[in-house]
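Have a look below at one chain only, the form predicted on its own, in structure tokens format.
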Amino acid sequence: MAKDMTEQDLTSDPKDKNLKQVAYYPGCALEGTGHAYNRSTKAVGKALGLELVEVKDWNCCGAMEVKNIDPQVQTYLSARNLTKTEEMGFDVVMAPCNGCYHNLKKAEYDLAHNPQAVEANERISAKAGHPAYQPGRVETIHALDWLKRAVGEKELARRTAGKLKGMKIANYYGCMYTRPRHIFPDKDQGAGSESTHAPHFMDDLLASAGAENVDFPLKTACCGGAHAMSDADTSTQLVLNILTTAEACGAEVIATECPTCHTSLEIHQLRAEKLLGRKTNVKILYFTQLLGMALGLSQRKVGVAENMADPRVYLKERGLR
């Protein structure tokens, strides 16, 4: 939220009305393979009267590649985005990608607990000619936190009028949304907080729009995204396990909230059918696409045509045209 903005009523249930306007860190994936997530996240925000202000001059968070070579440099790269957020006058930044969200949260933790990370951040920041980020000044939240806290289930239920009723959904959070647990101090804080052991924010939001969430045991299983280039066969097997388990649980749709996970599920669903002869019919959609259509937005507005596995026939059958 901008530090100098005036609070405005969102007519939601309790919620953080200050999250009506937040800094937005899309990260690299949402400008590439995850463009439909970017499109649908912005569209949902606009439909709900929320404003995303993109971080100026943002850079890659370091993802997995830099982290595996020099974790201190990766901490600096993420911290620089927090510095840029603060320079814009915001103390909250929303990162919808699990990898980006994870890395910004980890940078916050490392700069508060790791002297080596502090030294590297100060040294590289000085060389780059900008202030070194000081932990505690910017809060990083996920898209799930943003909608849960800024709007909430009661308001979503009112606005969506149960449009997802009858849709059976397996909510897939991926492995980086909750791990390692120590970098997410806001989770596991009792009633109202997210759980690292059994995440439920996506379940809550989609249920408020009428969806039926199936009991899905692989919510935080790894999709093999990090192995996609080095060992595609392993990734295919991991994804196939997720897909077949979702179908066995009765799901028609897997809802995602991470561009890497979403792309991995789509690619390896096709690969499993082509190479292994294992066809699965479960549809894969970003949770923001589902909420967007429940809010009355068109499939075009939320980027459904950009999904690799075309879900449009299924969506038409469900009345989401």
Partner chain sequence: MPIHEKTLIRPENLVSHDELVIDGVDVSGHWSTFIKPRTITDYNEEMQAEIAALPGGENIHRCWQCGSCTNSCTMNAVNPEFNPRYWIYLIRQGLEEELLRDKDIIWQCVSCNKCTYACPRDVVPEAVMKATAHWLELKGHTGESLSSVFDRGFTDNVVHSGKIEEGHVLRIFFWRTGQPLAPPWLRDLILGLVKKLPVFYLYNLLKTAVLRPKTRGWGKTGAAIEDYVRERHAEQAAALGLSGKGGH
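Numbering follows the first chain given and starts at 1. Since this is a predicted model, take the numbers as computed values, not measurements.
What follows is about the form predicted together with its partner chain, which we do not show.
Out of the listed residues R80, H142, K105, K148, R80 is the one that sits within 4.5 Å of its partner chain in the model of the complex by at least one heavy atom. Here is the short version: of I124, V214, L240, A207, the single residue with a heavy atom within 4.5 Å of its partner chain in the model of the complex is I124. Contact annotation: L275 falls within 4.5 Å of its partner chain in the model of the complex, judged by heavy atom distances.
Using a 4.5 angstroms threshold between heavy atoms, Q189 stays clear of its partner chain in the model of the complex.
Although the partner is absent here, T178 is a contact residue: one of its heavy atoms lies within 4.5 angstroms of its partner chain in the model of the complex.
Proximity of S193 to its partner chain in the model of the complex falls outside the 4.5 Å heavy atom cutoff. The three residues K67, Q116 and I267 all sit with a heavy atom within 4.5 Å of its partner chain in the model of the complex. None of 250-258, 59-67, 291-299, 40-48 except one has non-hydrogen atoms within 4.5 angstroms of its partner chain in the model of the complex; the exception is 59-67.
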